[in-house]
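In the form predicted on its own, a lone chain appears below as structure tokens.
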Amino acid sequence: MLRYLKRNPSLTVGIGFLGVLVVFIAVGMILIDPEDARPLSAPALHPPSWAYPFGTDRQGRDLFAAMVVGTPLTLRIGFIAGILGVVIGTILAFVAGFYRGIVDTAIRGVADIGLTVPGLLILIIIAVSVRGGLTVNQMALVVASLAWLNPTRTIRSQVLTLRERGYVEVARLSGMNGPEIIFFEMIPNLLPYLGATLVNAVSAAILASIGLEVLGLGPLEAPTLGMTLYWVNFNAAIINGWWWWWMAPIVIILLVFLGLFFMTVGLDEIANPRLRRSI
């Protein structure tokens, strides 16, 4: 494993960025009181200091505590939506690409049409229609409602090529039925590609959730990264020069997306033999 990581620097860098976030969250959970991430009854705005390493916002929240509590919430939204999107997309892709026919035409048509419609617009309509505001888990489900479209299209194209491979023909001749061929022959060969697709779906889900939250359509009581940026915009922190308020979430978001991007590149190298480096 260590030898492979040395010749796959993208995967190593991606794991490194995400590892920094894991250490930040783990150490932060030891140092902070989660109640500090909630607004205070007597709010006060403070720049970074020994008492408040990341400063406080106008609601009186300790931004260090807000980042420690909010980063896992943002990642949870991304992972729930990404996993649901890839699972649904994989099922639809195998059904469409392996069995073809009318089912393939219908699934392909829905996916192609869905990808032409602006996704953020649809998510805004869905989020607005939820009464009483969204919770973190509801936000994940809202984002997941469109997260299956791109995986369905890309995985289907891979299934179309795999179904014509020689080992699939041998499996058919040996008497294996369709589900057996899919589970025992095709999915194992697509695992690296499915891993890269999952990481990409998680990244897209996090981006979509942050976009909705910045517009004020997220869980208002949760200190997620997107909601922190919403309050930054609501209070005009950039114009007023409160740089510490927006600096922390921007840096963490940058670490998240860089880590996921490099992991996608590294996993793509595993899935694509043409990109593999020699030892």
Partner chain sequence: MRALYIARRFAVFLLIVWLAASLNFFLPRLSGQDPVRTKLLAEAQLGGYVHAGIEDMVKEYNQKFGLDRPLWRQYLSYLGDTAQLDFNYSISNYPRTVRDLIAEALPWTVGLLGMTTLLSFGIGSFLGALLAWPGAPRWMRYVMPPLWALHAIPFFLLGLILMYLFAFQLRLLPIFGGYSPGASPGFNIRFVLDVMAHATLPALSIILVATGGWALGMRGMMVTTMGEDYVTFAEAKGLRASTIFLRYCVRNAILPQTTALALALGQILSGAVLVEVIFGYPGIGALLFQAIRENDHFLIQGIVFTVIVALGFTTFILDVLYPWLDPRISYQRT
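Positions refer to the first chain, counted from 1. Fair warning: this is a prediction, and the values are worked out from it, not measured in the lab.
There is another form of this protein, the form predicted in complex with its partner chain, and it is not shown here; the text below is about that form.
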For this session: With heavy atoms only and a cut-off of 4.5 Å, decide whether P192 touches its partner chain in the predicted complex.
Result: no
Problem set entry | Heavy atom of Y230 within 4.5 Å of its partner chain in the predicted complex | yes
Exercise. Taking heavy atoms and a 4.5 Å cut-off, does I270 contact its partner chain in the predicted complex?
Worked result: no
For this session: Although its partner chain is absent from this view, report whether G211 comes within 4.5 Å of it in the predicted complex, heavy atoms only.
Result: yes
For this session: Go through 179-187, 74-82, 114-122, 89-97 and give me the stretch that gets within 4.5 Å of its partner chain in the predicted complex, heavy atoms only.
Result: 114-122
Problem set entry | Option touching its partner chain, based on a heavy atom within 4.5 Å in the predicted complex, out of I250, L31, A44, L220 | I250
